[in-house]
Ligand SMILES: N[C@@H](CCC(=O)N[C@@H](CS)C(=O)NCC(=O)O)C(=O)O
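Presented below, as structure tokens, is a lone chain in the form predicted on its own.
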Amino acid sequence: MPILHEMHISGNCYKVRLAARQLGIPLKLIEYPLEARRTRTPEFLAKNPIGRVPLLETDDGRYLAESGAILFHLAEGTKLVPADGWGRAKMLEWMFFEQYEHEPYIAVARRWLAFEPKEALETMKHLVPEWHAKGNAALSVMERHLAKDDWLAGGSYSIADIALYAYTHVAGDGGFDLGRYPAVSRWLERVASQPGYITLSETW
């Protein structure tokens, strides 16, 4: 059985759990708590020199890092990846958007405002306005697209939706007001109604 090295509160790890559950792929989970810094040990760094989770360990002993790469590996050849080349390219476009324009602000705001000690947050408070400005800019891009399309790419639910759902649906933890984005809010409901859906807090 493949092993997912993960942190349960992480949206990046949740993406992988959600896709695997919806695809019927069983995973063994190994938890790395936020405060423990176990991803910085020599043992873990030998598996992933970047020192982060999620990390997928295959049955034959190979390792794959980065949530988007893991999503694509698990979903390749399934209904969660568009069948046509243009649809796949648009799917990847949204996944790159998530990592470069969305996650660095929405996920980071969530981590510092919801999970880090208050004394640590004091050293980062000057960055909160920038996180909110750029995170809201990303949500606005999604709002415009989802006002006219039910899904992000290929005309159907895909791993692009999973990738962006993970941190968008908990953006309120980082101080974002999702009530400002009605089309995004309706899309969140559509994602949550998909077969095999699990919440971020659910155990495997």
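Throughout, we count residues from 1 along the sequence that is shown. On a predicted model such as this, the values are computed, not experimentally measured, just so you know.
The following text describes the form predicted together with the ligand, which does not appear among the structures shown.
At the 4.5 Å threshold, heavy atoms of residue 39 reach the ligand in the model of the complex.
Proximity of residue 169 to the ligand in the model of the complex: non-hydrogen atoms within 4.5 Å are absent; the residue sits far from the partner. Contact between residue 135 and the ligand in the model of the complex is not found at the 4.5 Å heavy atom cutoff. Of the heavy atoms in residue 175, none are within 4.5 Å of the ligand in the model of the complex. Only one listed stretch (147-155, 23-31, 59-67, 175-183) carries heavy atoms within 4.5 Å of the ligand in the model of the complex, and that stretch is 59-67. Residues 51, 52, 53, 54, 66, 67 are the members of 42-69 with a non-hydrogen atom no more than 4.5 angstroms from the ligand in the model of the complex.
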